[in-house]
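Read the single chain below, which is given as structure tokens and is the form predicted alone.
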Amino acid sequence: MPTLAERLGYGAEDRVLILNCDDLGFCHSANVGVYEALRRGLGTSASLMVPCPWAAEAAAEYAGEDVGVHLTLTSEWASYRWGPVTASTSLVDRTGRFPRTVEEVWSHATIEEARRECRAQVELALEWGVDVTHLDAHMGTVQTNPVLFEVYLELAADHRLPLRLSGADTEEVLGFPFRQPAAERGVVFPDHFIYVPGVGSRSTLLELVPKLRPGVTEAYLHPAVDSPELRAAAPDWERRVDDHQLLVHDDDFRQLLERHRVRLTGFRELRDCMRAG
């Protein structure tokens, strides 16, 4: 069987990298930063947080870029919050917003309401005119739980969209298989995944780009431009601004990719490959 890289038109030994920009729609500063990373920088795809207050602006500014849906069931900050796009009592805390932690979601969410909410987020992005290219999960909430993973996989199969999945070596840690079940449903996903703890991907990428294995690897960043809004909303604002700098303005990073002959691709190519069978 041909490798994923070969199915995409690359060689079996080529090292192909997706640089995904998470948290589009999170705030205005993130919208500006993500679109600059896609249009002027090295970003190859992005993920839209549909329930966030600035998601509608992100959709209004959309011009055909490679954008997927960042399925969102958490609202982690203390003073800047958002909630579901459906009426779902098991998905909210006492303030009417999503819970701040993944564990709270796992403890209280019903599978029925989680399924309805995630499906509604994808459908709303499509109604806004976004040509959705893939699915991934904010804070890994529906990706790393065996019950909610069924929702994640079902959506991908129904909409014929590729998924973000962590590496095969994490299946034992998470306690359930997910790569083989996805493959059996015909869902495409990158061969490898670069995990970054929290926000701020510079040090991880500078270390791991020279060590990339053959095949398709996904890495993610959270680019945003500096502003009073971002500083007020996100305690990790400096690392978001640095992700933007890395993707848009850092010639050394661009040269690192070129020196190690890393090819860049996006999720749209994976989606088209998946839909072509």
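Numbering starts at 1 and runs along the sequence shown. Small disclaimer: the values here were computed from a predicted structure and weren't measured.
There is another form of this protein, the form predicted in complex with another copy of the chain, and it is not shown here; the text below is about that form.
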Classify Leu212 as contacting or not contacting another copy of the chain in the model of the complex by the rule of any non-hydrogen atom within 4.5 angstroms, answering yes or no. no
Please tell me whether any heavy atom belonging to Pro177 falls inside 4.5 Å of a heavy atom of another copy of the chain, as the geometry stands in the model of the complex. no
Another copy of the chain contact at Thr133 in the model of the complex, heavy atom, 4.5 Å: no
Can you work out whether Pro197 and another copy of the chain are in contact in the model of the complex, taking contact to mean some heavy atom pair no more than 4.5 Å apart? no
So in the model of the complex, are Glu57, Tyr80 and Gly96 all sitting within 4.5 Å of another copy of the chain, heavy atoms only? yes
Of 34-42, 213-221, 226-234, 247-255, which is the one stretch near another copy of the chain in the model of the complex, taking non-hydrogen atoms within 4.5 angstroms as near? 226-234
